[in-house]
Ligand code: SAM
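The chain below stands alone, shown as structure tokens; this is the form predicted alone.
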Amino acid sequence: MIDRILLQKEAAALGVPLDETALEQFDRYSAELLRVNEYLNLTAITEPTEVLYKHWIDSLTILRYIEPKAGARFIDVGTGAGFPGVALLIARPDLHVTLLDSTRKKLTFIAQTLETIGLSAQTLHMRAEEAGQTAAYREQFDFVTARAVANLRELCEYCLPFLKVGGTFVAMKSARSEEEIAEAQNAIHLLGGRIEAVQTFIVPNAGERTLIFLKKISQTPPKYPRPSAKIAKQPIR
């Protein structure tokens, strides 16, 4: 299915070692992704080398810049078919991973495929703004990721409530985000966050990417996150 040697080489260039077990898991997950995608819309990327770079390597870039402690709790918001959450779990099976999405069929695919490849994660069928107001998930995670699912200002309202104080939110963007960052400054401050770093780089065969790292420095006020309609109509300014 995918070129395991190429995947191992490109991951190593990011400082992410992948053993034979991980390579087998990436390969089998890729095969299931493309098989199920024939009848369930999981991804527009269907060529194996593109899957390797645009899904797996793109997801693993996070581990170039941060090294989660062993056993860290991590939630992937709007995980879709499992990106970046599944990639990070395969590379770091010690992590306690929650994969959140509002589409049950995608989560069913993820759960079944993870069982096939011998990994486990919690799949959570909820809207982010509802989960962020639920005690079992609010301020319970060491790391949060979201891959280009909304403007940064709105993403922060969805994602920062999940973080413990001291935790890190990684917003994954496909291009430079100076304007989004400027617009989000008040929201970040209000929600208890602080931008720690912004990394822009090229993923081979995929193009420019930007990772925005935010640290949770204080608790998020209880009123946030608000209902999604209010987030959209009345963004924090």
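Just so we're clear, the structure is a prediction, and the values are computed from it rather than from any experiment. The first residue of the shown sequence is 1; numbering continues from there.
What comes next is about the form predicted in complex with the ligand, which is not displayed.
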Quick one: find which of 133-141, 109-117, 88-96, 71-79 has residues within 4.5 Å of the ligand in the model of the complex by heavy atom distance.
-> 71-79
The ligand contact at A121 in the model of the complex, heavy atom, 4.5 Å = no
State yes or no: in the model of the complex, is some non-hydrogen atom of V165 no more than 4.5 angstroms from a non-hydrogen atom of the ligand?
-> no
Proximity of A128 to the ligand in the model of the complex, heavy atoms at 4.5 Å | yes
Answer yes if any heavy atom of D101 is within 4.5 Å of a heavy atom of the ligand in the model of the complex; otherwise answer no.
-> yes
Is the ligand in the model of the complex near all of F83, R147 and Y158, within 4.5 Å of a heavy atom of each?
-> yes
